[in-house]
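Just one chain is shown here, as structure tokens, and it is the form predicted alone.
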């Protein structure tokens, strides 16, 4: 009897202290190319996002959230698999996702969750692991988008962000209320070519946005940065990007022809009338006083940001609609609501639009969460997290053991308000898509809380080292600075260790 008592007490202690899985509902809202610089909660100086900020105000905001490969399809593959691009096989946008591999939706399904994805998929193969899916083909369309649903393709009249939100709410209303759910709401916005809803045509009229201090960057000491083709000044199209028609006189460029075809064949007469009223006046004003030189460079930035931010206004408005539905349906208490982007984006920093580089603006993403009870975290979380961490997080919350092949780390300790002493101190990044649009060279690298080391390889062989504390805009490559030799050695060692840990093949 004396031997039984300690065992009983241990079992009692274990039963009192172990944490049962929460099995919360999960709503994961992901936009395409939403820069953290354009989120109010991150201190945006160019727009306001009250509904997104509500998630942060009522929950948590991650100050150091990053991707492992800053491009659309690979980012989505990393989300689903919890693995880096080389491990899940989806290294660039040209690949077809291997949907037979293990993904968190499949494992949640097996654990009794209802799973659904609505909106942008962009992985070429059909979604698997979802009880319901309604996806945009390819990049999708802002106006009157086509959807693929259960093998059927159809067109729906309206604006993509609103329609995707409508579909999400409709699915929530029809779901089996006896089971937990995981719903992925993937918006097209604010992806290029930034076509706003007609509701938002008055927004930012006459606004002049602040010009990033690095807008006229000359890329000294950064070979790959000088070779890119994503310059607002040189590479942004007047027609499809900035909505200016007639800039080439009677000779229409191919992009202008495509743009005009879209207006005539995709839009309803009412949409086209509103569109032409807005952009004909912009085109006329541009053609009457054609800016040149620096004036043209600044004009293009302002015109770009106006439409980019207008598409985000629709995202914010519709996120508010979804939050209001959750509130009215009594679902907030046991639902994890996440808002993020598939990667960051340049809003004129270094003179750029687009993403791809390991520099901060495209490497870093917004990440906001409103937590279910009884998770206790609130406010800022400063630990470095990455998009490969979502899959193991969702699985742990559902009481499912993440498979060993997943390379991400569960965020659940952080969501419980803990500060693990052994949390990662460095992140690995790898970009593969070259040659391709925008001519960003292949590269991989490591980031710590203060330093970043990048290796551009294959066509060129160049190393870059940045002190993010002294040089947050990454303008000064320190790779040849003797004062940073020790830092470089340590970073090379850390980079080699991460490549070994993640089993990255040698280039």
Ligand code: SGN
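Positions refer to the first chain, counted from 1. All figures in this text were calculated on a predicted structure; none of them were measured in a lab.
From this point on, the text means the form predicted together with the ligand, which you will not see here.
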Contact residue in the predicted bound form, from 280, 126, 425, 437 (heavy atom within 4.5 Å of the ligand)
437
Would you kindly say which of 356, 370, 83, 364 lies with a heavy atom within 4.5 Å of the ligand in the predicted bound form?
356
Candidate site 32, 93 and 120: all three near the ligand in the predicted bound form by heavy atom within 4.5 Å
yes
Region of this chain that lies against the ligand in the predicted bound form, out of 340-348, 161-169, 385-393, 144-152 [heavy atom, 4.5 Å]
340-348
Would you classify residue 410 as touching the ligand in the predicted bound form, given a 4.5 Å non-hydrogen atom cut-off?
no
Any of the heavy atoms of residue 71 lying within 4.5 Å of the ligand in the predicted bound form?
yes
May I ask you to state whether residue 272 is within 4.5 Å of the ligand in the predicted bound form, using heavy atom distances?
no
Heavy atoms within 4.5 Å of the ligand in the predicted bound form: does residue 243 have any?
no
Give, in sequence order, every residue of 123-158 that has a heavy atom within 4.5 Å of the ligand in the predicted bound form, or say none if there are no such residues.
139
